[in-house]
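Heads up, the chain below is alone and in the form predicted on its own; it's given as structure tokens.
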Amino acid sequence: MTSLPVIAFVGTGVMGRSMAAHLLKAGYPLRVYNRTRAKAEELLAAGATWQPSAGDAAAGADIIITMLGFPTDVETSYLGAGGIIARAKSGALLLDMTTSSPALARRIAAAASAGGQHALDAPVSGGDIGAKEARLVIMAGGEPAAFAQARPVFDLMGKNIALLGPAGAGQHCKMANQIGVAVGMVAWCEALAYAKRAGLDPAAVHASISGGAAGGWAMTNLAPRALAGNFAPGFYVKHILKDMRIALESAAELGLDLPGLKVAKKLYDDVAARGWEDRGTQALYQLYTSL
């Protein structure tokens, strides 16, 4: 009987915790690290082993998965002294599932290759619900052989899984996704704010329009939370702001103007200025209803 490869999972936050739990349930030996150990306690109770740093987690693993907050976290974890690339063994598979910079993904892939490792940028979409239900969209960039090796692990966390191209392609695809997400958030917030101002019951309007041409994932999943006054994060305001910054920087490098995204970014800047950075992205609706 062939034993399953050892997996290191770095970043057990809102989404990472559920993603790692699927791997543990499937029988993979799991080594975990998170800056706040309390966020890993459920995994430790289920059989995962705690590691004192990302580099320590990587040192004993065949596959290293990261699900972090910001590109600076990714850069430090992979390229910093004593980090993942410095500590991971030759032949290890490195899967960064954070939404990060395409340029950084290419740097990590080059550094991994120099160290005899194989790296994929594989950001995800689907939020906390998709992570819990193992139906994330996984967008990968890297070498086909590495993608084939990672596929059994990806299959435990997602349903719509694709290799989009070489290193950085996964992040470019995620930027396209986040552009659609950010502008789409503005659409349903404005629709329901208009309904409320017109004297209609926003919940009744939502029931009428969410199944038609105005419908979409955010309208279906996030609008009801906002209407119920639930602004707990499935995906943080501070993280959509980070993604919009990356997307605008990447678009500028490509010589592309994105006026819709600029509007969404300004609105979310206003949300953050009100102290709502740690709320879910549906907090944008609060901005409209407080105007």
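The first residue of the shown sequence is 1; numbering continues from there. Everything quoted here is computed from the prediction, not taken from an experiment.
There is another form of the same protein, the form predicted in complex with a further copy of the same chain; it is not shown, and what comes next is about it.
For the candidate set I129, A214, L156, A110, a heavy atom within 4.5 Å of a further copy of the same chain in the model of the complex is found for exactly one residue, namely A214.
A heavy atom within 4.5 Å of a further copy of the same chain in the model of the complex is found for one listed residue only; from G255, G47, G229, P52, this is G255. Just one listed stretch, out of 83-91, 68-76, 112-120, 196-204, contacts a further copy of the same chain in the model of the complex at the 4.5 Å heavy atom level, and that stretch is 196-204.
Among residues of the shown chain, M97 is not one whose heavy atoms approach a further copy of the same chain to within 4.5 Å in the model of the complex.
a further copy of the same chain in the model of the complex is not approached by G27, whose heavy atoms all lie more than 4.5 angstroms from it. Shown alone here, A61 lies farther than 4.5 Å from a further copy of the same chain in the model of the complex, counting heavy atoms only. Proximity of P224 to a further copy of the same chain in the model of the complex: non-hydrogen atoms within 4.5 Å are absent; the residue sits far from the partner. Annotation for 237-261: interface residues with a further copy of the same chain in the model of the complex are A247, S250, A251, L254, G255, L256, D257, L258, P259, G260, L261 [heavy atom within 4.5 Å].
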